[in-house]
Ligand SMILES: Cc1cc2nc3c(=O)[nH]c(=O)nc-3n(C[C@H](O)[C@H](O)[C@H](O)COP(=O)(O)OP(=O)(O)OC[C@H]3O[C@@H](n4cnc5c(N)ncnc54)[C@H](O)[C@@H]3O)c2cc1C
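Below you'll find only one chain, the form predicted alone, shown as structure tokens.
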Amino acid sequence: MTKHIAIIGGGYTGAAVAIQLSRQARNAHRISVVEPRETVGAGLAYSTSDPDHRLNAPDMVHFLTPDDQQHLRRWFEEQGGARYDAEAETADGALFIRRGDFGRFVAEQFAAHQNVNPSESSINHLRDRAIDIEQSGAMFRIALDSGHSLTADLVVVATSNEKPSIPKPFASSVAAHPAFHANPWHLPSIEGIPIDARLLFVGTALTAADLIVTRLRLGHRAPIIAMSRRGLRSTRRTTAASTFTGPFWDRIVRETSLFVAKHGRHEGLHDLINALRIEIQAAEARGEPWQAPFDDLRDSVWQVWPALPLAEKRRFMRHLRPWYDVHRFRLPPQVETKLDLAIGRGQLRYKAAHILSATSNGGGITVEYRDRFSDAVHTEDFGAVINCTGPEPRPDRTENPFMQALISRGLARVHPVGVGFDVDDTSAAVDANGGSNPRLRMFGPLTIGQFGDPQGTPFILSHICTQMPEIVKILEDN
């Protein structure tokens, strides 16, 4: 019997769910992807048109079907990528293609499955926005921004990357100031900043790196400061052979993860981190980079994280996540080179500081901050301030009406660690009363509280592929 599945969000995660469902289902179903953008597959992360915004991991970890992990490279070559993007390939043969090109790749694979798929399911793109959801019995009703609605037998929530919250010093006095750019992903406003404006980037990780390189390409002449409490920059990728010597998929779908196989299970952060440090020291003593032992942990988070008690998970989120993230999310070599040049000529500086206040000074913004290391308080004027603090991690604090509806109607709740939605081990949403709903599934960064690191595309795909047989069973056996 044909069932209707509604997928809310049409970035990589939503496209991957639609593709895997159409491939694994035994019967033909009706699949609707609700996505306001023109195409499905790009989402926020891969819809950028900026030529300097690249994937921060090489081509061999970006795929949509585990049985064809080289598809992106073939596609890039068939598109003549080496001619229009000569910088994409690094000296060791890895491809770091533009994020916009990866968005096109995913969109094309989605369109191909719309035309032909093994289950002969219909896959439709509803160019609309979900704003509300209700459940009645086994069925869901989803209200759309256009005024229309749809009913579904099963709903998959695949949205992510909500706008950053405005840091407290900027939230009242200068939030509406034209020199304050609250949304770093709105490129027209970033590109419109005068080239002689002193810039402050609030945040020092990948988003800031991308936009700094954008400004440099546009010929920005004035000084640029990137500031965060710890001043942590995204780390560099090793050029030594390590993680990518074999199929990446094999690393993340093992019965026993790489880190657990070497070190056993840990229920405390102290012992876990100590085991990692010892392995890194041993690797460096052999002349090997720290990235390889760290990558073993990264590729084992799906098994390491669930073993930690809730109190330890909360400790990690409060104190260790920024350190983990800067080692986990590394700079593409092309971006790294441009930043190094700007630092070398003295135009770009990174600072570890706590911002105390921000006030308008007419056309710009005056910022007062305390240096992390000297404790000295400084005041500086900036022509523009860009908020690069990262996506809002709590769904109950976003402006997304659909997420707000999930919570207000009791269909979902924030995870106990304080980030993302609460889901069970099968990615089924946990409701306000603590019960799991197998007909309401969530995938991608929204599940970070439960799975620890479901953020890179292969990790998202792994969760989808693992749970898809059960989703198909619910649809076709009931």
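Worth saying up front: this structure is predicted, and the values here are computed from it rather than measured. Each residue number is its position in the shown sequence, starting from 1.
Below, we refer to the form predicted together with this ligand, which is not included among the displayed structures.
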Would you check, heavy atoms only and a 4.5 Å threshold, whether residue 60 touches this ligand in the predicted bound form?
no
4.5 Å heavy atom contact, residue 37 to this ligand in the predicted bound form
yes
With the partner left out of view, is residue 56 within 4.5 angstroms of this ligand in the predicted bound form by any non-hydrogen atom?
yes
Heavy atom of residue 204 within 4.5 Å of this ligand in the predicted bound form
no
Option from 159-167, 225-233, 333-341, 379-387 whose residues, in the predicted bound form, bring a heavy atom within 4.5 Å of this ligand
159-167
Identify which of 99, 181, 215, 113 has a heavy atom within 4.5 Å of this ligand in the predicted bound form; exactly one of them does.
99
The listed residue (185, 75, 249, 350) that reaches within 4.5 Å of this ligand in the predicted bound form by any heavy atom is 185
Taking this ligand in the predicted bound form and a 4.5 Å non-hydrogen atom cutoff, the residues of 140-156 making contact are none
